[in-house]
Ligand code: TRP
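Below sits a lone chain in structure tokens, taken as the form predicted on its own.
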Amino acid sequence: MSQSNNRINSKREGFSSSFGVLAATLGSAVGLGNIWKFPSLTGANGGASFLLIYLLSTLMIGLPVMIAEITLGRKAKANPITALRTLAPGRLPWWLIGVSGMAAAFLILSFYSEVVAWVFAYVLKAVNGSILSSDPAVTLAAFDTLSRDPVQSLLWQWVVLVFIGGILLCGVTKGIEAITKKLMPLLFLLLLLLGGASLTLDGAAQGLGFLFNPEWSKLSASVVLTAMGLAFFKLSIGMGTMMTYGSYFRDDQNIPVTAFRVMCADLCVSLLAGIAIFPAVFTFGFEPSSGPSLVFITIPAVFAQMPMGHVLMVMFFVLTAVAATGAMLSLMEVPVVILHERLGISRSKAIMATLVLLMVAGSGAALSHSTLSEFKVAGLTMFDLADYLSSNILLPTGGIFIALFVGWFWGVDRFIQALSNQGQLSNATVARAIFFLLRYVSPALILLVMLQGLDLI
């Protein structure tokens, strides 16, 4: 490592409190998928039976790899590329895992920033009441007008990127940690308020049944693989975010306990979102498993028919923006910290460079529904191509190699030592169990998820 990088790392910021660690890590895991994808997949694939498989898959796939990433990041106190160069200085290029993570984070940002742009635009639309209509045709027209307008698409995407960049400019402690410590409690408060209002509706029992009644007849190999894939993608692993945030962890932080709390809190957010959404959806006769359109087309029509619907709709889109902000912060921090530490440039310049690159790269995704709608690669728009490459290739590849690195290269002794905070914690049994999963179970299951995503099984 160069002298400039040594100077940067010697002045490195970190999270200042245990709650800050939990809030920031949870903010990375929680995203738009919690609001619509998790509840709708759970309901459409067997309810409680799907939920049980998801939980088992999380314990065997998501949680072990998440713990591994955080542990590697904290041990090296560096960005993902430098961390793996430091921990594996030999001939094998394990540092390419960090490169893959950075590429995945950048690709995800290029299209996810556009989805978040729609959410931010809908906060304004919710406030002025322009989407408050009980007619889905009206709300569909409002969404089409937004997504197919190249000027609005680019403008709102840039607003989101500059907003996230502004938070990152404040640093790790005063930016990421300070914001997520405020946003995560707000997220739970808004969910509880919306859930309470939704449970008073006539369709509450049907909505809760949609989520929680097991339908064993719906279980199949495809449903099991769907649950495994959701468990892998839900905790923001394989994209460098957890390794980056792990590098900001305090040395006395209990990583397994923190990761388990993040997993449980993330699950609570998803279930609370389902409780808030689906009783209302069933009360007014809408389709509960309609994916992204549920957020932008169905939900406004639902709220238009509820008591205090205007206020609740504003709350819902603020809630969705809060969930998206935490995820965006962790994603953008990955290329920022790599540019900052690997190139030795200031953090502010790294943020500006990332913003410019994302404005250019993200414009393809932003214009995929308008100007570039006919431009396709392998039959995919720029939006869909970025999603496909990151979700089906880069993320699972990163997850597999992180598990292989810890399980077959780093070794059990170093893993136990790091996870026990150099012997300060008595968790050797837990560490050995996690190591076993990383060595034998997690890579095989992630490979199955990857093969399904590529339509090879």
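A residue's number is simply how far along the shown sequence it sits, counting from 1. All of these numbers come straight from a predicted model, not from anything done at the bench. C-alpha atoms forming the largest set that superposes within 1.5 Å between two forms make up the rigid core.
Keep in mind that the form predicted in complex with tryptophan (TRP) is not shown, yet the notes after this line are about it.
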query: Heavy atom within 4.5 Å of tryptophan (TRP) in the model of the complex - the one residue of Ile108, Ala83, Ile176, Met102 that qualifies; finding: Ile108
query: Of Met382, Leu191, Ala327, Leu211, the one that lies within 4.5 Å of tryptophan (TRP) in the model of the complex (heavy atoms); finding: Ala327
query: Partner proximity in the model of the complex: Lys234 to tryptophan (TRP), non-hydrogen atom cutoff 4.5 Å; finding: yes
query: 4.5 Å heavy atom contact, Leu331 and tryptophan (TRP) in the model of the complex; finding: yes
query: Exercise: Val406 in contact with tryptophan (TRP) in the model of the complex, heavy atom 4.5 Å; finding: no
query: Non-hydrogen atom contact Thr244 with tryptophan (TRP) in the model of the complex at 4.5 angstroms; finding: no
query: Candidate spot Ala29, Asn34 and Tyr112, all three touching tryptophan (TRP) in the model of the complex (heavy atom, 4.5 Å); finding: yes
query: Candidate stretches 235 to 243, 257 to 265, 118 to 126, 156 to 164 - the one whose heavy atoms come within 4.5 Å of tryptophan (TRP) in the model of the complex; finding: 235 to 243
query: Residues of stretch 383 to 417 in contact with tryptophan (TRP) in the model of the complex (4.5 Å, non-hydrogen atom); finding: Leu395
query: Per-residue C-alpha change between the shown form and the other one, Phe415, threshold 2 Å, rigid core fit; finding: no
